[in-house]
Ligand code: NAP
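Heads up, the chain below is alone and in the form predicted alone; it's given as structure tokens.
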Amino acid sequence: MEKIRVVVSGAYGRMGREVMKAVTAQEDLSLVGAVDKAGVGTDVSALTGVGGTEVVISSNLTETLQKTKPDVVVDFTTPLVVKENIKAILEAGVNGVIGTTGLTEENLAEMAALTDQAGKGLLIAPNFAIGAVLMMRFAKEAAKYLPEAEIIELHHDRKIDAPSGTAMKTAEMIKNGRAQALTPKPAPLEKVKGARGGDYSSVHIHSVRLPGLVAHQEVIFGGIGQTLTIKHDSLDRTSFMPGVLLAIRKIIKMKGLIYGLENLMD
């Protein structure tokens, strides 16, 4: 059996380490490269506690792609570098699985054009936890009947972007699930600026950043005499790995930009 060759970008970070562990444990996948600006020269086996990889972290993504010739790059870096990483991945003729959030709608349109030009598959997913994808699906369904909703998303204090990509994707799905658009309401008197959160697709989003958290989200719907809350908690980063592995295996058979893991689950 020919294994799927994988490079991990953002390898020294917490998500990168989990991805490398997960990839190494699969019989049909092979970790052939690791890239990060931190931890350059670090042996991946020593870093992850998984032996036999013979991979060390390098600093240059383009050079690593040229040397290792992977089938897929998995990117968990930062919003500050992800655009350039995607361009490097596509220019090298490699498929991509992107878990880095912070891309705007304009960025996605640009990446879609580059992906079509490259003739490869590129998945950009705000969240790889299967439960989080189901939460978003359920929220879209609930919005048909309870169109007024707010989102509270909670993440660790080192997360750069706010709101999270998951919250923004959820808001979009709520908007698309509504039977009709909401009538705008007069802005309330905010005694503290930002107390009502940010308004995205007519959904208020509240972002919490605290140490001790991983990734959590509540979607609260309100109706006459009732509320409905849909909640998902990722208590450990291993919760994202089944989705990442699913994406790696499927993206090599696809072309074009795919936004959201749910599109690979149907």
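Please read these numbers as outputs of a predicted model, since none were measured by experiment. Note that residue numbering follows the sequence shown and begins at 1.
Although it is not shown, the form predicted in complex with the ligand is what the next lines describe.
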> Should the three residues Ala139, Thr170 and Gly177 be counted as contacting the ligand in the predicted complex, with contact defined as a heavy atom within 4.5 Å for each?
Replying inline: no
> Looking in the predicted complex, any heavy atom of Ala38 within 4.5 Å of the ligand?
Replying inline: yes
> Any of the heavy atoms of Pro126 lying within 4.5 Å of the ligand in the predicted complex?
Replying inline: yes
> Are any of the heavy atoms in Thr115 no more than 4.5 Å from a heavy atom of the ligand in the predicted complex?
Replying inline: no
>> Since only the chain is shown here, I'm wondering whether Lys255 would be in contact with the ligand in the predicted complex (any heavy atom pair within 4.5 Å).
In response: no
> Where, among 155-163, 106-114, 181-189, 141-149, do residues come within 4.5 Å of the ligand in the predicted complex by heavy atom distance?
Replying inline: 155-163
> Taking heavy atoms and a 4.5 Å limit, what residues of 238-254 are near the ligand in the predicted complex?
Replying inline: Phe240
